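Okay, here we've got a single chain as structure tokens, the form predicted on its own, with questions on binding and movement later.
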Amino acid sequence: MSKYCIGVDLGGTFIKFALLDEDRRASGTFQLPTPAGRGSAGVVEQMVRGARKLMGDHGLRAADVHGVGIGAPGPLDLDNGVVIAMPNVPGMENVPLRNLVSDGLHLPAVLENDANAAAYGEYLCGVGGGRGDMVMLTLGTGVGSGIVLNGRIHHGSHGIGAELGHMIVEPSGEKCGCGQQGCLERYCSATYIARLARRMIEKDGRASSLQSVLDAKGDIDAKDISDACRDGDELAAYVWDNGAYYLALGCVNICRIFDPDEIVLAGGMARAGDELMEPVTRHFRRLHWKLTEPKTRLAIAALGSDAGVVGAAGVAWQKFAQKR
């Protein structure tokens, strides 16, 4: 019988579960609600329950499973398997999640940052194909990232080496929630481009078809801007292209530091597909140095919301199965 690893992706709303076999095939993906009102004990209980259900549905015993990989939002103490805090789930402060899940399932477990796990999932089973070096940027509320070098997640010396959304692209720019000024995520995240469009309409008095969206919904999101851009709205086109410019600038900086085979774009904005890739690629080629042609490929992620749970299982494979 094939051996498996279990992936568990802990989010503020749902906990996802999946199996990964020795041929990098994911299966059995499902989710359970995160019991946010029941504290850490309720969360751990739900994680153990879901993993047991996964094993039961596939007729697996503990002997058929190498281990469990857990993806969770930070901040984390990866060495000790501890969730330091999880703002969206009360009671998740200084929780030894790795050991609690391991004890509940009687299986070895490993804890990984959810953004890193998603990048590893895309590297292993998505567009990365398990080859070369890859960097993933997740474009959503902020800009998350994960770095895979020589087939392994890169954490940095202090465990915070993959925070590419907080590289500075405008030294005197807008203040970021992290305390720095001019971070990449302040200029190309879905949140920022929506905020810029609204500011240009409400404070600068710029005309736009987005005004009707603002009147109807009371707000604007990145998809509204993408739709308006497609329909020829000038303000939307400017805002979208401005975000693409800064995203391309970040990609060029990533190339100078890591020279990866691929930079993969994920998250809500990446669903725009070619409408995002075209301006980003155009700016990327213009900003890239002229000593050589760009060799790093820009691509849209393939796994969608399953990347995190697949990557969590992949981290378990790397830690437990490959050693054997």
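Residue numbers here begin at 1 and follow the sequence given. Since the model is a prediction, treat every value here as computed from it, not as a measurement.
Below, we turn to the form predicted in complex with another copy of the chain, even though it does not appear here.
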Exercise. Could you tell me which one of 99, 180, 88, 211 places a heavy atom within 4.5 Å of another copy of the chain in the predicted bound form?
Key: 180
Exercise. Name the residue from 82, 167, 127, 194 that puts a heavy atom within 4.5 Å of another copy of the chain in the predicted bound form.
Key: 167
Quiz prompt | Partner-facing stretch of 59 to 67, 271 to 279, 254 to 262, 45 to 53, counted where any non-hydrogen atom is within 4.5 angstroms of another copy of the chain in the predicted bound form | solution = 254 to 262
Quiz item: Within a 4.5 Å heavy atom cut-off, is residue 287 in contact with another copy of the chain in the predicted bound form?
Solution: yes
Practice problem: Find out whether any non-hydrogen atom of residue 232 is located within 4.5 angstroms of another copy of the chain in the predicted bound form, and reply yes or no. | Solution: no
Quiz prompt | 4.5 Å heavy atom contact, residue 139 to another copy of the chain in the predicted bound form | solution = no
Quiz item: Hey, in the predicted bound form, is residue 203 touching another copy of the chain, heavy atoms inside 4.5 Å?
Solution: no
Exercise. Give, in sequence order, every residue of 152 to 172 that has a heavy atom within 4.5 Å of another copy of the chain in the predicted bound form, or say none if there are no such residues.
Key: 154, 155, 156, 157, 158, 159, 160, 161, 162, 163, 164, 166, 167, 168, 169, 170, 171
